[in-house]
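The structure tokens that follow cover one protein chain in two forms, given apart as structure 1 and structure 2.
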Structure 1
């Protein structure tokens, strides 16, 4: 995603109160034109409230919301250049698929034939060509979701708002629709803003992600940065799985930090691997399960290695997840290994060696 793309949505110090409850706390952020943007966080963090302030379904207590450079203060929802796909899809069961998709065109001045053509184009866009005459109540969950998308896109909004649209689907259909939404967003080229509590969904689908806690944006970055360089231990703990080891900062000079970590010993990190956010737990080293690798017989580490003991094994078919303990540490760690032909699955209690690199570590102060 090019940083040169113009801004489509801008929040300037947005606050929202419900009585004494402070739902949004000084949100300041920009969303670019044509990007797939996600608001990610646990229930009650304010992500849906923030989405609804874009749609105009919620007013703000203070601050500014701009869409395409225009202040949305006192601009009602029905005239904003946005449309929303709700979690429930809000499909009218007594209407046909075509009637559902064309519902927003009721007051459009175009002829009946032109409207019918627009409906067919919208259905083709979401992979439902020829479905116009079907009864809406007879559709599967995935098909209803596509109808909701077609109904939203037929009005050609500048911004499409998606309020957890995949949460009602089973795992296989949800994964399929994630890919379909990515394809669709690229095809239509407009800004998509997704609300989700599913970390994997946000990582898969988004150009950038805003991670929210308690009405604030804790970090806004692209998926790789969020995953590999989380700005705080709270973000790291929320995005995927992260191992943590107690550490002690020995010295810092220029762009290098000397650290001693339990089970890893003494090591040198780049200053950019150290987060600015303080943690109550004290200095801690964090790293992802896939950054540890079990060394089998005859293998040598390309960087560092440490002796360890397998304490738990969970087999997933394509992957095996091991819980291990490094020698000199009682802290359980999670390690993931892809299952390839000829590679054994280790038993609980096996003594082994694990390879790792200081470059994969993050230091939380």
Structure 2
């Protein structure tokens, strides 16, 4: 499906130095035409720098950046086929909404009336129909963002760059704008590249995500792969919550791996469940909180089960988070259960059984 899409942006071994500081350390990646792509990582990981090398605001120290097959070396920002929504939105405060949106049309040969029509259409597209005459500094945060979107999209760029566009909004507005942005991207069909430090936002919105740490791409994958098969413990830790248990690889033959994990005993895993580079920490089993289920009276596991003790309970309304310890292990494990009417929330110290499945595990070498 998505692999059929042609390439829009290509990074080939891109490095960027600020003095002695190595901000981008050999980025090689491909972004496809028409996909919603996210650059995700903690602050200072180089995601914004990478975005700005696409826009043309940062030169690169070595390597190649191609947009739609063309080398962008020495192509200044004002002629690149990209437009940007800035983190601060950068709405020109001395202009009206319409003047802001129409700013990039100055050299456009079309007539005044046609340009005005284009501005109206762009405003309608972002849900700001009729706002053209308003003063820019009188807008709310959400409206400013929509103006910034309209201003960038009116130039029909091949790529729209979004630098943490939702970070300044409150939670409700942010969730609303996430859906808006997905809709808008489907409507215009161009490549969107989003920079964010919010893993949830990236998972919700993106076709594919590049997770970045310290100037390098740690994993580039679709959200589901990223969540279910993180390439390293670091990625797993950054995206959602993951439990870790020390393990020992007993034998490996063909596509099967024989492991012994604390609390789980002996297991046979598929080779494709094995991931990551070897670390000093040794092999580790990882699994998400929702892959463990507490078995209540009378319930039986469909796959495997182990005895455990509840050590902590956090009640969230729709969910309850439990910390448990498997018998024979001192490692506290996080477990999440959807609350069902009529089912009690367990107390600390309760002896119980948990169901799990070897297929949901990941083995970090």
Partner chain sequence: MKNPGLRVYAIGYLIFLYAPIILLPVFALNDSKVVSFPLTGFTFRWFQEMWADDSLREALTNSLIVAICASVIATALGLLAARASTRFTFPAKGGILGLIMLPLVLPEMIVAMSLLMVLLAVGVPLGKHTIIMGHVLICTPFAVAILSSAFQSLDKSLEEAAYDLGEGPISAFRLIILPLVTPGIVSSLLICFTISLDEFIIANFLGGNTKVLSAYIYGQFRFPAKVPAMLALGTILVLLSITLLSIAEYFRRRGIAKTGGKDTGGFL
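Just so it is clear, the model here is predicted, and its values are computed rather than measured. Heads up, when I say rigid core I mean the largest set of C-alphas that superpose within 1.5 Å between the two forms. Positions refer to the first chain, counted from 1.
- Legend: structure 2 corresponds to the form predicted together with the partner chain, while structure 1 does not.
- Here residue 217 does not count as shifted, since its C-alpha moves by less than 2 Å between structures 1 and 2 after the core is aligned.
- For residue 188, the Cα coordinates differ by under 2 angstroms between structures 1 and 2 after the core has been superposed.
- Shown in the overlay between structures 1 and 2, fitted on the rigid core, is a CA shift at residue 139 of 2 Å or greater.
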